[in-house]
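So here's one chain in two forms, each on its own in structure tokens, numbered structure 1 and structure 2.
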Structure 1
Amino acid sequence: MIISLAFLIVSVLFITGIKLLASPKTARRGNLIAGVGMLIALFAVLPLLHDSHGNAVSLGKWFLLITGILLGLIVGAAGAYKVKMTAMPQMVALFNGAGGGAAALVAAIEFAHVTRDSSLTFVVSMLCAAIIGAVSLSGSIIAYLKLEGHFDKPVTYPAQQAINCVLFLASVLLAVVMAAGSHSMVLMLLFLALALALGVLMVMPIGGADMPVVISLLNSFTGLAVAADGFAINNIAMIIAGTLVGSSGTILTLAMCQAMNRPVTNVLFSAFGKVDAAAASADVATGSVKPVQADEAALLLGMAARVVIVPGYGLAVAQAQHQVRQLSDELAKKGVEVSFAIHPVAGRMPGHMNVLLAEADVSYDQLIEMDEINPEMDRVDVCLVIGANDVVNPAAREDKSSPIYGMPIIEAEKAGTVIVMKRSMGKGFAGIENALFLRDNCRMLFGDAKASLQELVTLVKAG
């Protein structure tokens, strides 16, 4: 009774936590509240622990339990605090994989306890937990490796969908056999191996830049696996928490795809980026682009009344967040009104630009969302595009045949003057030309973003 009430409180804290996480002002508090819920859950489960004969847990096991928890805590904390800001998605992928692995292991151990009398629901939930957890584990590891840059391009091979299908059907078949009564541990191991392979093969063909979406999906997978484990071992807190994560994670995945204006199926099955990757690096656009030198750009910026900076993936690559902040400060000192226009999918993870600029201590009052800045863009004197490409590509609005057609963009071209900082005429993530660079009011400031920004800062200060 008391334990049940504790689990009810835990569920309420999780619900409240997730709700608060969804709004910028309360997000941090939400995370803390969910954390408190988790602590309560950890203590509430203690009275439920017992060995396989229903007796109290032996001292040796307590030792194992506590060692295991502490070990996890140390590893987790080290990972969480050592990781660089821009490597956060990798870290989340690993933690998610850990959760998936744990869910699969718990299911496998429970499977060893299955007897002839075990109910079908019990066995089926365990098998679900095992396969989903294992897919999430191996999928997350591949996602991690891709984000770390270990596979340059999406790995594709002939008939990949067909192979995945066969694998999946094989595991379903195996599951049916096991559910029908063959409780051999060998089958279970085979089942887990199939699931691990499935996770690897599912994620391998997906482009590295789509990994945030994949991680979000695997996150909701792990949630479902945990819920299935909860069914099997009859723990209500696991069921509720797992299901909440499963369903909210699904919505989140869809929201991420929507921000990129791509259907989720396209992300998961089309090896986006593969086709154009080769072209993108080699091809240099021709046409009359108008380069500009740093001194002239500094002049233009210094004389403007209002400057809007559009940061993109290139800013993160160049690690120039501190320089851009210095530039904004220097301009502000001269009485220029500076703000940052944030596109929802600029960079390579959702909120990438927010995190990046926050690291350099840019106040979030200075950040303006795409929908707010666009109507005002024609009243902006200089729009400074730093390492962004796709998110300011007018083709999204004008060219029906473009792969990014329909994606909402920041309408940089409407500003008085556009200055684009990038190293070359290289393409962005979508691998397409950008007509903005050829516009009359557009000037290109070539060079690495960090170096160019440093130069601009010095010039603006001096000028």
Structure 2
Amino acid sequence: MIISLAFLIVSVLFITGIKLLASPKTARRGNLIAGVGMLIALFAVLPLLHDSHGNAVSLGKWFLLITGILLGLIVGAAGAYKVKMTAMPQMVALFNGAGGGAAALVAAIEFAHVTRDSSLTFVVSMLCAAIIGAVSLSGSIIAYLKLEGHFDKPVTYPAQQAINCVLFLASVLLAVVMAAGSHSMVLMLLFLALALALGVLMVMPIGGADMPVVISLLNSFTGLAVAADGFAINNIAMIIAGTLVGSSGTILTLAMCQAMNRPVTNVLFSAFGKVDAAAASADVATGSVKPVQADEAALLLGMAARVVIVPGYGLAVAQAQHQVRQLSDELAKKGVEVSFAIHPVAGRMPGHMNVLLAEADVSYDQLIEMDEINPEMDRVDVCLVIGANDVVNPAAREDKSSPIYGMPIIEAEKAGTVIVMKRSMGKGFAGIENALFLRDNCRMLFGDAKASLQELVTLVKAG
């Protein structure tokens, strides 16, 4: 009775935590609440642990269990404190892969205890957990490597979809054989190997630009694998946690695809990011780049009535969030209204910019979502784009041949003056030219974002 009550409390805490994660203002509190829920779930499960014969867990196994818990706490804490914001998606990918791998390992161990008396539900649940968890593990590792810059472009080969289909059908056939009564660990190991290969081959053809969507999808896979384990071993906490992760990951994946105006199938099977040279050269907009010096940019910003700042991945790479807050503060002292326009897929994961700016104590009230800011952009005096590229590219609205056509963007070009801060004229994740940079009202401030912003802060303060 007490344990059932604990699981009920855990489910409420998990749901409340996820709900609070929906807003930057409450995200930290949501994380803490969900963490408390996980802690309660852990201690509620421990009294239920028994070995395969129904006996109490030995002292030696308790020692191994507690050691594993402590190691997990240490690795998690080290990751949270030491990993840079720009590498947060990589950490999420690795942690997610670890979760999928753990679910697959639990499934394989439990399958080793399958007997003729085991129910079909138990066997099928274990097989589902094994294949989904293994796909999540290998797919997440490839996603991590792509985000790290290793083969971040799509890796394609002839008949790749046919090969993936054959692998999947072979896995299903093997699962049917095992569910029908062939409870061989050799078959289970072969089954896991096929699933691991499937995860690799599914993610390799997808470009680095789509890795946030892939990670979100694989995260939902991990949740489903954990839930399947929970059904098999009758663990309510795993069912609750896995179902919540699976459903929220699926919703997030669909929301990200909607923000890019692309279906999930397009992300998984179209090799987005693979731009051939001919198409890229034909896509170049006409016009000329108009550089601007820091003193001119500071004058434009200081004389504006309203400024909108569009942060992108370049801001995160430069670790310039504190400088952009200082610039915002200095402009506010001069009576300038400053807002931050946040694109849903700016950065490398949803909420990346929100967390980055929150780290620098930028007021949540200044963060405005894309749908809210776009109708007001024609009344903005200066739009300062920092390290963003594809999310402000007018080609998404104007060029039907563009690979990003149809993707909702922040309509920066409608502002009176646009100042774009970039190191160079390099292309974004989509690998195409940005027509915004050649517009008559656009000025390019080249240089490191952190150094340039610090110079702007000094100039605005002195002006």
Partner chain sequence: MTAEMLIFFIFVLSIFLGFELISKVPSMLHTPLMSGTNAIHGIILLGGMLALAAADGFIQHAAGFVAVVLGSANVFGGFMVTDRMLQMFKRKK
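Throughout, residue numbering runs from 1 along the sequence of structure 1. Between two forms, the rigid core is defined as the largest C-alpha subset superposing within 1.5 Å. Just so it is clear, the structure is predicted and the values come from calculations on it, not from any experiment.
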Answer for which single form is the form predicted on its own: 2
Large Cα move at G35 between structure 1 and structure 2, threshold 2 Å, rigid core: no
A318 C-alpha moves between structure 1 and structure 2 by 2 Å or more, core aligned: yes
Did H113 shift 2 Å or more between structure 1 and structure 2, C-alpha, core superposed: no
Once the two forms are fitted on their core, CA shift of G416 between structure 1 and structure 2 in Å: 2.7
Inter-form CA displacement between structure 1 and structure 2 at D365 - rigid core frame, Å: 4.2
